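Only one chain is included here, represented as C-alpha cells and corresponding to the form predicted alone.
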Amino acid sequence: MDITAALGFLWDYRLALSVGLGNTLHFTALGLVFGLTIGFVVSVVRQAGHPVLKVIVTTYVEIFRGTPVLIQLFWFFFCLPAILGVELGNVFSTVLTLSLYMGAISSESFRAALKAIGAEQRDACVALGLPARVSVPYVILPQTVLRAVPTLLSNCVTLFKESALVSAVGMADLMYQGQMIADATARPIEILTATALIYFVIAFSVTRIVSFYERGYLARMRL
C-alpha cells in the first residue's frame, strides 16, 4: 500500500471525518451531562432513599448494566415509539440511551464514593441544622465527585466508545461517516483504520489523564 496515496486519500475526507467526530463528541457530552446527573441522584436514593424507590432504581441500574447498549438503543428507537404511538426520532433515542446507560454505570461509582464519606460529615450537617438541599450540593456532592473522578473518567471512555453504536440508527457520527466513505470508495482499509485510530487516540489520552489523576490523588491521600 502506498502510504503517501493513503494519506492523501484520507486528507480528501478530513471534513467528513471531522463532522463525524464532532457529532460523536456532542452525543457523548450530552450523555455525560444527563447521565452523571442521573447517576448521582440514583446513588443517593440507593444510599438513603425509600425502600420502594431503592428497588426501582436498583432494577434500572441492573437492567442497563446487564444488557447490551445496542439492544437498549434499538428498543428506544423501534419499540418505545410503537408502544407510545409517537415518533421519537434517532436524536432523542440516542441521547436517551446514552444518558440512561451512563447514569447506570456512573451510579455505582458515585455510590462507592458516598460510602467512603464518613458518617461524621452527615452528622455535622445535621448538627449545624443544614437541610438536605444545602448539605447535598455543598457538602456531600463535592466530596463524592472528588473520590469518584477516576472511575467516572473511565466511565467517560466507555461511553465514548459505546457511542459508535449510534451509527446503527442513522446518526452521522464518526463511525457512520467512516462506514459511508468506505462503502462509497470501496477503500475500507484506510478509512476504517483511520477511524479506529481516532477513537484510540482520544480514549488513550483520557486513560492517561485517569492514571495521572489517580497517582496524584493517592499521593494526597498518603499525606
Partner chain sequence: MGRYTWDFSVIAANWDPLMAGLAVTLQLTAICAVIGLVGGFLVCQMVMSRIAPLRWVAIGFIEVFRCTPALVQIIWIFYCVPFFFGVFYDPFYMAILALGMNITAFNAEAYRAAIQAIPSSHYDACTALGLSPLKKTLFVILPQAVLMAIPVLLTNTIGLLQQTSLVAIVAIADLMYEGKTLATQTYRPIEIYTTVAFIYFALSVPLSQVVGLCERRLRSRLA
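Residue numbers count along the first chain shown, from 1. This structure is a prediction, so every number in the text was calculated from the model and none was measured.
Separately, the form predicted in complex with its partner chain exists; it is not shown, and the next lines address it.
Proximity to its partner chain in the predicted bound form, defined as a heavy atom within 4.5 Å, singles out one entry of 48, 196, 33, 53, which is 196. Heavy atoms of residue 29 never reach within 4.5 Å of its partner chain in the predicted bound form, leaving it off the interface. In the predicted bound form, residue 167 approaches its partner chain with a heavy atom inside 4.5 Å. Among residues of the shown chain, residue 79 is one whose heavy atoms approach its partner chain to within 4.5 Å in the predicted bound form. With a 4.5 Å cutoff on heavy atoms, residue 37 does not count as touching its partner chain in the predicted bound form; it lies far away. In the predicted bound form, the residues of 62-90 lying within 4.5 Å of its partner chain by at least one heavy atom are, in order, 62, 63, 65, 66, 67, 68, 70, 71, 74, 75, 78, 79, 82, 83, 84, 85.
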